[in-house]
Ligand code: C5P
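First, one chain by itself in C-alpha cells, the form predicted on its own.
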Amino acid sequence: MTYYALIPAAGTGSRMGSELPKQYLPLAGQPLIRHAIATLCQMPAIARVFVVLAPDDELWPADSMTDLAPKLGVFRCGGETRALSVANGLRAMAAELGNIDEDWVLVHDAARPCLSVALVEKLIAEVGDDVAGGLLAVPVADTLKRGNESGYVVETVPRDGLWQAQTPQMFRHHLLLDALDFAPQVTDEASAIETLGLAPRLVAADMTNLKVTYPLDLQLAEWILAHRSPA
C-alpha cells in the first residue's frame, strides 16, 4: 500500500486578525505551512505530499519550497470549504496518479506546523489496516462548560470519552472521497467517515501538535519548534 499526504490550504485564517493568510505567516524564519510540509516530505513512508490552494492564490511561497520539489505537488483547486478543498484535491490526485482507490491519504491542517515524524509514524502504525482509518487526537483534560448567547454557563458537559481531534486524519482514498461527497457539510474528514456508519480509530497525540488559530499560538509554535529534540 502507498501513503500520500494532502494539505488543504485555501483558507484565509480570519481569526488571526492578519491580512496575510495564516499559512503564510512567518514562523521560525519560514512560512508557517512549510514546517509541516517539510516534515511529511522527509518521511520515506510518504510517497508524495500535495497542497491544495485557492485558484487565485498569488501568495504561495514557491521559492521557499524548491528543495521539497521531488515530493511536493500543488493543486489550485481549493473550494469555499475545507471539505470541498479536500474532495477536489482527492480528485486531482487520482487524475495525476491513476488508480489509488485503496491507498492511504493523510489529510493535515496547513496551520499545524509542529507535526513531528514520530506522531505520523504512530498514526500509520496504530491505524494499520483498519477499515475505517483513524486520526490523531488528544483526550479532553479540562472541565467543559456549555454557554448561552449571553455568556453564562448553561451546563457542565461530562468530559468522559471526549477527544479533541487533530490531524493528520488518515483514510483510504476512495472511502474518504465517497464520504465527503455524501456529507460535504462536515468540518473534518473523520466526521465524513462517521456519516457512513464507520468508527475511525483514535490515536493518542499530544498538545505540541497545536493548530495556529490566534496570534499567541504563533509564539507557542515557535517555542515548540525551537525546543524540540532532533528526530
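Please read these numbers as outputs of a predicted model, since none were measured by experiment. Note that residue numbering follows the sequence shown and begins at 1.
If you look for the form predicted in complex with the ligand, you will not find it shown, but the lines that follow are about it.
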Interface membership of Ala111, the ligand in the predicted bound form, 4.5 Å heavy atom rule: yes
Checklist entry - If you check in the predicted bound form, is Ser116 within 4.5 Å of the ligand, heavy atoms only? => result no
- prompt: Can you check whether Glu102 is within 4.5 Å of the ligand in the predicted bound form, heavy atom basis?
  reply: no
Under a 4.5 Å heavy atom criterion, is Glu96 part of the interface with the ligand in the predicted bound form?
no
The stretch from 157-165, 141-149, 78-86, 128-136 that lies within 4.5 Å of the ligand in the predicted bound form, judged by heavy atoms, is 78-86
